[in-house]
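Included below are structure tokens for two forms of one protein chain, each presented in isolation as structure 1 and structure 2.
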Structure 1
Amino acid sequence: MEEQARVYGATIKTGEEVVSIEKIDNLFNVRTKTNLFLGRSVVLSTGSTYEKLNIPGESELLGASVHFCATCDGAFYRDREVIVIGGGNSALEEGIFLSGFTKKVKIVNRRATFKASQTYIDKLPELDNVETHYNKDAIALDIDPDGKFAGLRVKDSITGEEEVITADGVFIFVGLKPNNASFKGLVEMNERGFITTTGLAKTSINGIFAAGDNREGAIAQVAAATGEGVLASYGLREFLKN
């Protein structure tokens, strides 16, 4: 994709952190820590970051036994046991996916019920290798003397009792955080900080567009984000023509 963009005349600058965007004399002034870029339109496509649990052991095991994408890393756990943390659509969808080739999937939910769509909830009883744990707050990821994952330590939110749920790996699905801090106050966002758009990826500011995982309603898949980039380019073209 990068090579194709360069062929068509795109200039790509890396290592530039945007600190402000303002419109002056019909030009958007995009300031980074080291440079100023001018343009008649802007597309915000900064993506999002997986929310972490921020509990002991998590940072040490990231990428080893702690993952955020079942389709990316699930294959490492064929015929093994995994823990899925979360209770929304992503957690159940990925948990169901993992059940197709793992020995057992243990879904840990901090609430008494799942907040996922009923379709996913109804599917769980049909899967013999999926077990659910409700009202369990994840408080630590235990590490054995060899530095390997030993189990998820949880606390029952009702009884206060602690226990360790064992498995070979952990998949965390507790939400996404949009990388929109630099645009706060610039364009309209929802209560979670995702940019709201209409039509051809238009934001609340004429001439500024948004595409990808930092946009409200994004599917959070590469193919979808690429398509949104195309959508934004058509909105951009219409804006420049007018």
Structure 2
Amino acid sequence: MEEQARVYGATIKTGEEVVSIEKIDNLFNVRTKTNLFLGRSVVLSTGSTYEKLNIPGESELLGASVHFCATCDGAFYRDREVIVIGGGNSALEEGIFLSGFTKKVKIVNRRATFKASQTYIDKLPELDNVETHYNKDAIALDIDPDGKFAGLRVKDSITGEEEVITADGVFIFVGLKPNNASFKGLVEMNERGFITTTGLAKTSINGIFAAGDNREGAIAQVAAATGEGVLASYGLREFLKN
């Protein structure tokens, strides 16, 4: 993709973090920590970041036994056991998806109830390979002497008792944060900070477009983000023509 973009005249600047965007004399002034770029139009495609638990063992096991996307990595756990951490829609939706082909799904929730839609909550009792653990705070991911995941250490928020829940892998769904901090006040965003768009990836500011995971309603898959980039390019072309 990068090669193709260069063939059509794109210039790619790496190592540049955008800190602000301002419209001056019909040009968008895009400021990075070290440079200023001028453009008649801008596409914001800064993606989003999965929230981590920031507990011991997590960074060591990232991508090995710790995952953030069931559709991406779930297939590694066919007929094996997994732990799902979280209690919202993502945790339950992805947990239910994983239950379709794994041996067991253990959902670990730090609250006494789930925050997810009732439809997902009602579905759980119908699945005999799903187990729920309430009031459990994840405090560490244990690693065995071979460097492999050995279990999730949790603390009961009522009794204070600790236990280890075992499985082959862990999926963490405790939130997704859009990388939109530099654009606050520039374009409209929803209450979670995702950019709202209409039509051809248009934001609330004429000439600024948003594509990919930083946009409200994003599917969080490579193919979708790429497609939105194409959509934005059409919006951008229409804008520049006018």
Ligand SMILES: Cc1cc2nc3c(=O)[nH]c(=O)nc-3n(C[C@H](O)[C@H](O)[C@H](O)COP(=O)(O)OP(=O)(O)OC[C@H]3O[C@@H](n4cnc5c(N)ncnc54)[C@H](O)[C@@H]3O)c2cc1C
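Structure 1's sequence is the ruler for residue numbers, which start at 1. Because the structure is predicted, anything quoted here is derived from the model rather than measured.
Comparing the two isolated chains, structure 2 is the one taken from the form predicted together with the ligand; structure 1 is not.
Rigid-part membership, decided by the better superposition fit of each C-alpha, is shared by residue 60 and residue 142 in the motion between the two structures. 19 degrees is the angle through which the smaller rigid part turns against the larger between the two structures, based on C-alpha superpositions.
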